[in-house]
Each structure stands twice: as C-alpha cells, then as structure tokens.
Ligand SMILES: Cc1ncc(C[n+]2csc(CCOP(=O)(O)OP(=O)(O)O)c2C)c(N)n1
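Single chain ahead, written as structure tokens, the form predicted alone.
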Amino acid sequence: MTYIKPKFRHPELPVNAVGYARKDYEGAISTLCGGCGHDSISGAIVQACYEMAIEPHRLAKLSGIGCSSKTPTYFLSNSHGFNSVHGRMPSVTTGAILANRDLIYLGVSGDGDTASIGMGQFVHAIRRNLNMVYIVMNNGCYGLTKGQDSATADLGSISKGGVPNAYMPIDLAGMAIELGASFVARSFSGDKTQLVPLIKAAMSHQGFAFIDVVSPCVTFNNNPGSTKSYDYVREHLEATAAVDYVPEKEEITISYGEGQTADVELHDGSRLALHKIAPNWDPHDRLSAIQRLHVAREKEEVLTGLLYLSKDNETFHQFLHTVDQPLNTLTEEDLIPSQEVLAAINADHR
C-alpha cells in the first residue's frame, strides 16, 4: 500500500475563477480509519475553498493534537499551516492574526482538544472575537487513545468499551452562543449539502465563526449505544433551515416551496438563504437560538444548521485599534516615530 498521491491529473480539469483546479486544494492521502467522518469534513473544506475561488496562499490552517488535528495534512497543501500542541491552537492563531490580518484563518480542533485541555483557550478566542473559522470535529471520544469518552459525550451514551457515560456533556455550540460568538453553526460530517454552504458562510464572516461538526468515530464510537454514531445522528437530525450560500453579486436562483425564508447578508456582501424549518427560531436572536438548542436536547435531537448570526460585533483588531496594514509588513520607519510625531502624541496627553 502506498500513501503517495499520484501527481498526474487530467490536463482539462475545470478550474475556478482564479485558475485553480480542485486538486490544487487537496492534500496528502489520509491515514485516518476508512470511513472516518473527519475525512468527509476535509472534503467539504476542499470543495468550499475551490468553489469560493480562494487562492491557497491566502489561507492559513492551524490545529492542535488529535485525529481531527491531523486533517490539515489532507487538505490545502499549498496553504500556510501550523500544527500546535494540545489545546493551544487558539493562542497560536491569535498571534498569527495579530501579525497578518490579511489571511483567512481556519482552525481545526476536536472535542478533546477544545472541550477539555483547550477549553480555556477556546473561551478566550470567543471573547476576543478573533477573525477566524473554528471547526470542531466532534466524535465524543478520544480516538488516538483508544476511545475513552470525551467531554462532549452524551449522558448515558455507550462507547465501544461498553460503559455508559456518567457525566453531562458540554454543548460547545450552546457555550459559543452564550459567550458571544457572532457566528455559530452545527452540522454532520455525512451531510455535505449542509456543511459546504456553512463553511463558505463562515469564511465570509468577519469575527469568530464556530462550526461544531458531529463526526462519528468508526473505530471506537459507532456502535448501537453511541449517540455520535452514524445511525443515531441520521435518525435524530433536526435542521434549523435549508441553507444556500450565495456569493456577492450572484443572483439567487434557488427556489423554495411553502415556508418562511430568510435572506441573511454577511459582511462581504455574500448571503445565506435560509428556508426555516425549526419552529420558534430566529438566527439573529441569541435567546431564541439558546432556547431552540435546549428544546432539541430535551427531545434528544441533533440540531444542525446555522444556529446564530450577529453582524453587530467588533473584531479583535477593532478592539485593539490596530492599523490596517498587516503588522508583519511594517518597516522600521513605520515603527519608530519621529521626534515631531512623539511631540504631537505627548501633547495630546497633556
């Protein structure tokens, strides 16, 4: 068996608006277990970036430790990348965002990497409203260490080890909304029709965009007693809305049947067309989103789709009043003010 991907591709493969074929957004061949939901998420990221015509060098991918954090190897091999230590991806991303605000930042993490050792960093990344996409590949177990329950495993859920989980789960999407994240969504690795538009919208969002993706572990957490198994999730899915991502200046061509439809404009002029399905839910109302999550939890539903979106928020650079030019491009002349400039600054403080 070989893990070397062949370099030859058909010379007439279609290309996007910036001249790249889909293969230009791929990475190495995955070494994850066959059927792992994480590989489906990697494929959704590749498709989203290709369809959005993002130049690979304009994106930076960052991760921590875990099965999920291996996945940046499997997509966007021509992008910037940094694999940090366990739970520390948000702080590394914070430094990168401060250095170069012009890149698109995609952080990939897992339920262990985020909900346990990295919880403190996750919380403060939300508070600072970092301009990044934060994807959690959530399988409810520690796949690299043989399937122990993670902090997102549902109460009573039975992993391959056979012992019911005795602890209440941490709902990362609900926590993100409570803490003030300006874009919060949940999806399922097996639902690319929903996941790809959500990733596109998250990349267009200015601020912290969080997507919690239920991604079954086929080796340790795909048995009948698991609430993170493929069968359970498919049987208990409840979507907030049917999602269609519409790029800036592109006419909406999708049509819906009866039901309420909302057209949500994002910062860059692109839009999400939402055909509402879930009752008593308003994507702009934080309280409505939190209540709908609680209702879904009581009904043992896996609520997916766009959960909450706010455009009335300041990003990290706005908080800090940084200059528009990326800090890593500032010259010595920019950083060392003249005597006249210093005198003017001092005069303002008298």
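Just so it is clear, the structure is predicted and the values come from calculations on it, not from any experiment. Residue numbers here begin at 1 and follow the sequence given.
FYI, the form predicted together with the named molecule isn't displayed, but the following is about it.
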For the chain shown here without its partner, which stretch in 44-52, 314-322, 60-68, 296-304 has non-hydrogen atoms within 4.5 angstroms of the named molecule in the predicted bound form?
60-68
According to a 4.5 angstroms non-hydrogen atom cut-off, is I117 in contact with the named molecule in the predicted bound form?
yes
Could you confirm whether I135 comes within 4.5 Å of the named molecule in the predicted bound form, counting heavy atoms only?
no
Using a 4.5 Å heavy atom cut-off, state whether G110 contacts the named molecule in the predicted bound form.
yes
Report whether the minimum heavy atom distance between L144 and the named molecule in the predicted bound form is within 4.5 Å.
yes
Only one of H86, H267, K192, H124 has a non-hydrogen atom within 4.5 angstroms of the named molecule in the predicted bound form; which is it?
H86
